[in-house]
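First, one chain by itself: the form predicted on its own, in structure tokens.
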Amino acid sequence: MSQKISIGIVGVGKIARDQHLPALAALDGFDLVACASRNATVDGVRNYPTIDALLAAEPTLDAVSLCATPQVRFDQARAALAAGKHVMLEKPPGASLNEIEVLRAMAQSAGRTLFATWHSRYAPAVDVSREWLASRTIRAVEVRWKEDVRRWHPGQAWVWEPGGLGVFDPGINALSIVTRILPREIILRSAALYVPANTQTPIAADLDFTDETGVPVRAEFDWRHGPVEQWEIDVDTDDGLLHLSEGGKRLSIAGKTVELAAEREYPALYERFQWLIEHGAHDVDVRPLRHVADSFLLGRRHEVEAFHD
């Protein structure tokens, strides 16, 4: 595909303004022509109140990037695929596993690309870690993903409703990295979910996995943390400790800092989307979401004090 891919953004909220719009503005492969949002507009493009209005008015649009909340993403993606558009899904790709399989089949039938994105996998330390760990003996893995929900989701009630994931909204980023860097699959053995008395989703979670050979993998997610936040993964190996920090922006191995490329998660996501479209391919890995679903299936629920924003 030699010409630019025309694209629309659906859901102009914090993540779209902070990441998607700047990424598209910095790339040559896309032409942002339209946006759809109930409560926001973007300067310099055509704006619509809903995805249905956008699709009806923009028949030549090549692709859409869906940035609305996961609870509405299935209906939006289904409409876009039915209209013949390539579809990029913000994380998590949906509110349930089966709806992603339905979308996968629709995309294949329509000959359109479906890209379920995991932006944290494109942090600069991730693939370096993956390559180094591939030839090491892993003894244990510890994940600490702890932040302040009031900083990252102020006034966003949807995160506390079914499908909103609660603390797994950031925690799934850690799971996306773990499933990328470890050479073997992990299996959840037990989970503890700490749910405020007035919400439907957890504010903290402790997860215990093993990999296929029995290596322990423990994850701690907490949305009550601050002011110093943690996005860290430690992998204990026969050649020393691999320490990934700042969500994948920093890396040390056996106590030595590893020089990394500059961070460009979202531009890299869109470059991947462009490649998939040009090659008629798909990229739909639901393993991080499956681990979240397993946590809700196996997790023991512990009620904690009510949360007030």
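All residue numbers refer to positions in the sequence shown, first residue = 1. Since the model is a prediction, treat every value here as computed from it, not as a measurement.
What follows is about the form predicted in complex with a small molecule, which we do not show.
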Original post:
Looking at 89-97, 218-226, 181-189, 203-211, which one sits within 4.5 Å of the small molecule in the predicted bound form if you count heavy atoms only?
Top reply: 89-97
Original post:
Should the three residues K14, P70 and Q76 be counted as contacting the small molecule in the predicted bound form, with contact defined as a heavy atom within 4.5 Å for each?
Top reply: yes
Original post:
With the partner left out of view, is Y266 within 4.5 angstroms of the small molecule in the predicted bound form by any non-hydrogen atom?
Top reply: yes
Original post:
Counting only non-hydrogen atoms and a 4.5 angstroms cut-off, does Q156 reach the small molecule in the predicted bound form?
Top reply: yes
Original post:
Though only this chain appears here, would A40 touch the small molecule in the predicted bound form if you measure heavy atom gaps against 4.5 Å?
Top reply: yes
Subject >> Contact label in the predicted bound form: E232 to the small molecule, heavy atom within 4.5 Å >> reply: no
